[in-house]
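The chain below stands alone, shown as structure tokens; this is the form predicted on its own.
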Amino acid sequence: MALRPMEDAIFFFISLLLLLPSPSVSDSATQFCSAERGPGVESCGVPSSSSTRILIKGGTVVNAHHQQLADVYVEDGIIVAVQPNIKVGDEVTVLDATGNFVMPGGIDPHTHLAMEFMGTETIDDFFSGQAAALAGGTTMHIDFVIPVNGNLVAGFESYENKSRNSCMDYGFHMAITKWDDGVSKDMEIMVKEKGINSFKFFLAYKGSLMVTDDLLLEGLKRCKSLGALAMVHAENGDAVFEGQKRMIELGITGPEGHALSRPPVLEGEATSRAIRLARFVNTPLYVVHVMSVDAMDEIAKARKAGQKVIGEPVVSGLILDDHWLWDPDFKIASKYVMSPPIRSVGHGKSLQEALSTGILQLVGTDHCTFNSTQKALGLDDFRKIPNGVNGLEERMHLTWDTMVGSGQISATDYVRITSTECAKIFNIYPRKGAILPGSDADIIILNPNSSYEISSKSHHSRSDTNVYEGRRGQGKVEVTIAGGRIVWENDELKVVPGSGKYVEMPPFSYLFDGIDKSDANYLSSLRAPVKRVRSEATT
């Protein structure tokens, strides 16, 4: 089994990056297209920054391991220098970051853009969703490719087309929805030729995306052999189906029925089952959108026992509670429907504590937006409400205010949970997730004293609703630099459709370190097979 490169190889890689030319990007005049524009319509007109040289002066540069007062010099999309008092010549754009934090741009590990789901398609595509992300300080995301009739290659090609208008860097996870020899072979193609190093298995959505335990076992074994990370949506789909029938029989058809039909115990059970199967196979596991104490406790126990399990909470689960689902206004209640559901008061605070102590490792969004018209598909039956909430634009702000503003974590921890840990898990560090010489120039300037207010009237998503409507906080991203271009400044978004790059993610991240040794230890511990003397049967 291959192992990830040693640290000296990483630094050699950084040195090589300094010598590589940056891909050219069109400087055509562009702007973000308003939420009201129709799908496929491009009407852009604000000129984007054409400077390939940027100096960020006087800020506190924060990485996951260290922070320092320093300048940051960027040239042709790459960070060239990080040190105090950098001197530059003319034709350099200078940004004054005095009193502010200079940090790696956020990486959202969990999004669904242009996803066909529950009879409709998410309202945010790879342009509008990414534009919203940039306005909120996220400079890369990893989206989930859904196979076409179970076919991985067809699914990948479909998402290649969907992402042509991307305005920031992105990567792909791949969902597995069926199993046969063709899927197994295609997984190898995805890893070795397409830059995908993670595969997701849905234990929910019976009749559509859900996989059974035998399929999950096959998938876990294949992931291990390829050095790819197995991911699970952990809910017991069979029990959820039973819970849905129970609610309908009780006459509960509104959005509250969604949460009541899939209680935390079902998330805890599926999380426990997936963790134990991953331990049986001896492969790392990533649990997406951890929403309950039940699931978090299972992850905590596994990690304490030494198992390699990653837990990903999402912003909605950290700061919202389920009381909105009982709102008498269907438009309000339905916008909070997602799976696993937003939980009752208490779960969010426990997840925050788990995040601050390292039980959970990074923050995603599960950004999967549907507008009020789409949500109304389930007006008379909660089972037909498209599942999903927003978060791409709000994640960095809300995480800062909730976790750093409350004193639960430090600025360096913030960088770790919003950027660096994701880059390490998916094996693209230090290209992403760091402000180091040789890293991509994906940078934010965050003013800890600046305030914000979230509203569907001012956000950049195409959705007409926002689950964080009216929320105010401290700590605002005032500048976003993506690929060495200033794309957000002075509350103005300057984006170029097609300027985003697909980021290939190699297999065998640090999570696979030591797997071969533990396999060898397991085999040596079996003390089997035992050689036995056969004796003739006596009569």
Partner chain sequence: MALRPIYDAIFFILSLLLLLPSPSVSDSATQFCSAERGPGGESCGVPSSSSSTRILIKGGTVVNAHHQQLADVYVEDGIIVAVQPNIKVGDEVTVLDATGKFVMPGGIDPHTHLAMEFMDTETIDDFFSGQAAALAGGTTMHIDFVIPVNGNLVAGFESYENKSRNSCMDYGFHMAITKWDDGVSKDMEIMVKEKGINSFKFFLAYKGSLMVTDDLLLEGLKRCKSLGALAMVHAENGDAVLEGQKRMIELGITGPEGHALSRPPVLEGEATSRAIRLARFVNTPLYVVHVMSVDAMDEIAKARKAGQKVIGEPVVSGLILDDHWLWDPDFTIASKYVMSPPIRSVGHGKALQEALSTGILQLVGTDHCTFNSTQKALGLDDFRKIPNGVNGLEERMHLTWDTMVGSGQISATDFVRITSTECAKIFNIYPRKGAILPGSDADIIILNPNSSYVISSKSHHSRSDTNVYEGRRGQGKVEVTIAGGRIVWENDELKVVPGSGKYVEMPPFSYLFDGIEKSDANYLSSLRAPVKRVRSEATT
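Everything quoted here is computed from the prediction, not taken from an experiment. Residue numbers count along the first chain shown, from 1.
Here the subject shifts to the form predicted in complex with its partner chain, a form of this protein not shown in this document.
Undergrad: Using heavy atoms and a 4.5 Å limit, would one call S272 a contact residue for its partner chain in the predicted complex?
TA: Taking the distances in the predicted complex, the answer for S272 is yes, it comes within 4.5 Å of its partner chain.
Undergrad: With the partner left out here, check for me: in the predicted complex, does some heavy atom of D442 sit within 4.5 Å of its partner chain?
TA: No, no contact at 4.5 Å.
Undergrad: Would N466 show up as a contact with its partner chain in the predicted complex if we use heavy atoms at 4.5 Å?
TA: Although its partner chain is absent here, N466 would stay clear of it in the predicted complex, with no heavy atoms inside 4.5 Å.
Undergrad: Please tell me whether any heavy atom belonging to P84 falls inside 4.5 Å of a heavy atom of its partner chain, as the geometry stands in the predicted complex.
TA: The answer is no: P84 has no heavy atom within 4.5 Å of its partner chain.
Undergrad: Looking at V281, V80, A154, M118, which has any heavy atom no more than 4.5 Å from its partner chain in the predicted complex?
TA: Result of the distance check: V281.
Undergrad: To verify the annotation, which of these, E353, D96, D213, E91, has a non-hydrogen atom within 4.5 Å of its partner chain in the predicted complex?
TA: Spelling it out, the residue with a heavy atom inside the cut-off is D213.
Undergrad: Among 162-170, 244-252, 345-353, 193-201, which stretch sits within 4.5 Å of its partner chain in the predicted complex, heavy atoms only?
TA: One stretch meets the cut-off, namely 244-252.
Undergrad: Pull the contact list for 208-225: residues with a heavy atom within 4.5 Å of its partner chain in the predicted complex, in sequence order.
TA: Residues within 4.5 Å: D213, D214, L217, E218, K221.
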